[in-house]
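As structure tokens, one chain now follows by itself in the form predicted alone.
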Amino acid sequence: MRPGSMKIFKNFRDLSIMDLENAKKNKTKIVGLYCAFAPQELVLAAGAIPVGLCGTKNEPIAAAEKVLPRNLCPLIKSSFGFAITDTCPFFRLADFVIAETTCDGKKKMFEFLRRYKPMHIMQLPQSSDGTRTFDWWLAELSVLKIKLEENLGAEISEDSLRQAIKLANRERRTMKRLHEINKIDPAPLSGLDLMTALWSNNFNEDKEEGIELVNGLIGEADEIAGNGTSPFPKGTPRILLTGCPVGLGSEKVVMLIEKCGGSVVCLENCGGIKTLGYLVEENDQKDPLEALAERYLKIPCSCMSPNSGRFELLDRLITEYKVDGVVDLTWQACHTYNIEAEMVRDFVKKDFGLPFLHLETDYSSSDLQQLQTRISAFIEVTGRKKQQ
């Protein structure tokens, strides 16, 4: 049984384009974001609409490779290709873009991309620990606030920022509840549907309507679970997918895991649950910009060194979701995630004794057969271990 509201999420991106075009006609500003470190609360407080721009499709990569090296992360090439070919309506509609220095490839790509749109590049610290790091990041948020005000012709007041924090926190709580539905065994949502709903939310023009829509999906999933039904037979191996972000167009690993007999119950990545558990402190006695800085520095990204937060999160998710195996996905040339994969392998095997599979791939379909062979063998091993 599949939730009926998934039909809306499937077409959500196209519907959002029309909503954003109407908002643009009404003089509402639109700000494009490429990363989870970009604070959407500042955009909302400026009276603008934040939208995701991260590329998840293979089609624009050929155009990007005329400028960028071929041996570069497909996410970076896809993002750049969409922009220079004018095939991403969200980039076209954006009045301003927030970029960040999470990795070398992205920060150099942004030097090209800023030729196409007004942009501010946030200088992200490479560690989340210490007073000096916090002061650095707080200063970066202060600069971003000024840049947004200048480029959008808006004032970001303390009151509007506090209201935006509350709204963004409500959205995170709702999305986290949706993700946690799959703690039920067997999972009431397929990994592909869970990914689609989470990914689609990046393009939402009206957060209140988006929260309501997700609450509707949660209600349907609760009903499916209450009826004892699921997209998966009882005993299906429960898989946690960690590593690089995925979305529609780059979902092939999620699709293959479930095609091969697994159930992706948890997505531990930037577009999944990784950022949803970290809320901004809602304290009227505290500087809201400081509260923002504290929250965003907690995101356990592989660009941080050390990245102990990722292992703390994995520890919790493996236990809470009763995971039977872990798949770690790395997009080609994503060096930070590729190096961390060995640490994750040791952690999963030594601390939990679970089957582990590391996959390095790109957005193309050229390796589908090879991936299917490896994933099928992994699911078979995971299934046997689950039965022991």
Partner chain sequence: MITVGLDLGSVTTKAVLVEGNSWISLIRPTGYSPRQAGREAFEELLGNAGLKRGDIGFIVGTGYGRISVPFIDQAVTEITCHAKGAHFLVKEIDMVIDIGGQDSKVIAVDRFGNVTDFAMNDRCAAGTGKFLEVIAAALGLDVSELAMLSKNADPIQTSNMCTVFVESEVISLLAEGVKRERIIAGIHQSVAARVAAMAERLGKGEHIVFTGGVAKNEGVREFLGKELGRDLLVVPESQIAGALGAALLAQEEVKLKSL
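Everything numeric here is computed off the predicted structure, so don't read it as measured data. Positions refer to the first chain, counted from 1.
There is another form of this protein, the form predicted in complex with its partner chain, and it is not shown here; the text below is about that form.
Participant: Taking heavy atoms only, is Asp367 within 4.5 angstroms of its partner chain in the predicted complex?
Facilitator: Although its partner chain is absent here, Asp367 would touch it in the predicted complex, with heavy atoms inside 4.5 Å.
Participant: In the predicted complex, is there a heavy atom of its partner chain that lies within 4.5 Å of any heavy atom of Glu65, even though the partner is absent here?
Facilitator: So Glu65 does not count as contacting its partner chain.
Participant: Would you check, heavy atoms only and a 4.5 Å threshold, whether Asn11 touches its partner chain in the predicted complex?
Facilitator: Because no heavy atom of Asn11 falls inside 4.5 Å of its partner chain in the predicted complex, the answer is no.
Participant: I'd like to know if Phe356 sits close to its partner chain in the predicted complex, meaning any non-hydrogen atom pair within 4.5 angstroms.
Facilitator: Looking in the predicted complex, residue contacts with its partner chain include Phe356, since a heavy atom lies within 4.5 Å.
Participant: Pick from Thr336, Asn58, Thr361, Thr28: which residue has any heavy atom within 4.5 angstroms of its partner chain in the predicted complex?
Facilitator: By the 4.5 Å criterion, the partner-contacting residue is Thr361.
Participant: Only one of 344-352, 32-40, 318-326, 45-53 has heavy atoms within 4.5 Å of its partner chain in the predicted complex; I'd like to know which.
Facilitator: Heavy-atom contact with the partner occurs in 344-352.
Participant: Non-hydrogen atoms within 4.5 angstroms of its partner chain in the predicted complex: do Lys207, Ile211 and Leu213 all have one?
Facilitator: Spot residues vs its partner chain: no contact at all.
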